[in-house]
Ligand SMILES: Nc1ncnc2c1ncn2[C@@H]1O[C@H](COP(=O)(O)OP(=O)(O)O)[C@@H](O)[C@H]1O
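First comes one chain, alone, set out as structure tokens in the form predicted on its own.
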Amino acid sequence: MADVKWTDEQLLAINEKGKNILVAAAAGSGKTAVLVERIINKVINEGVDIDKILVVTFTNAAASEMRERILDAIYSKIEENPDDTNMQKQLSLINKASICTIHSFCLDVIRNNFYELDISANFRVADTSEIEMIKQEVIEDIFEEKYIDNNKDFLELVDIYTGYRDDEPLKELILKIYRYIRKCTISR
């Protein structure tokens, strides 16, 4: 990657020392290339083993691409200097490197520390259909509880949005608001 002309901002991201950095930029702006160069520089110039660096992305595709580009950079360095034992070592460590999505990183942290979180060692992550079923069950339970309690505010809300005939439109509205809020929170 020595032929690349880096911008001042990219060089700062590549060479910044003693700090964590966040690289955020538009698609196609060179984020992956910058991060790969930063990682390779850490491995070569600072003697950091690749399996001691945490690289977190948002998608599986990005994590895969990152791993592939790092591997290509290591192979390129080995081609330049076949006797480079450090690069040979990095090649053997790449499969242990933490180059993953934020979700898989968090899941790994939970799996390795379940006892600290007071959860079962054999927990699992629900799939999309299970999550949808749980949401439906929760909203059904809440509505049932409010009906049983004869909650005045709740009954007024039901009357305004459903006319006491069918509360499904209100449930759907609540879920729609929930999805909107999640979408806004995630996209920040």
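We number the residues from 1 along the sequence you see. Treat the numbers as computed from the prediction; the structure is a model and nothing was measured.
Keep in mind that the form predicted together with the ligand is missing from the display, and what follows is about it.
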{"item": "Ile181 within 4.5 Å of the ligand in the predicted complex, heavy atoms", "value": "no"}
{"item": "Contact of Gly47 with the ligand in the predicted complex (heavy atom, 4.5 Å)", "value": "no"}
{"item": "In the predicted complex, Lys31 touching the ligand (heavy atom, 4.5 Å)", "value": "yes"}
{"item": "Partner contact for Asp51 in the predicted complex: the ligand, 4.5 angstroms, heavy atom", "value": "no"}
{"item": "Arg69, Lys146, Lys42, Lys135 - the one with a heavy atom within 4.5 Å of the ligand in the predicted complex", "value": "Arg69"}
{"item": "Partner-proximal stretch of 54-62, 23-31, 123-131, 152-160 relative to the ligand in the predicted complex, 4.5 angstroms, heavy atom", "value": "23-31"}
{"item": "Those residues of 91-117 which, in the predicted complex, come within 4.5 Å of the ligand by heavy atom", "value": "none"}
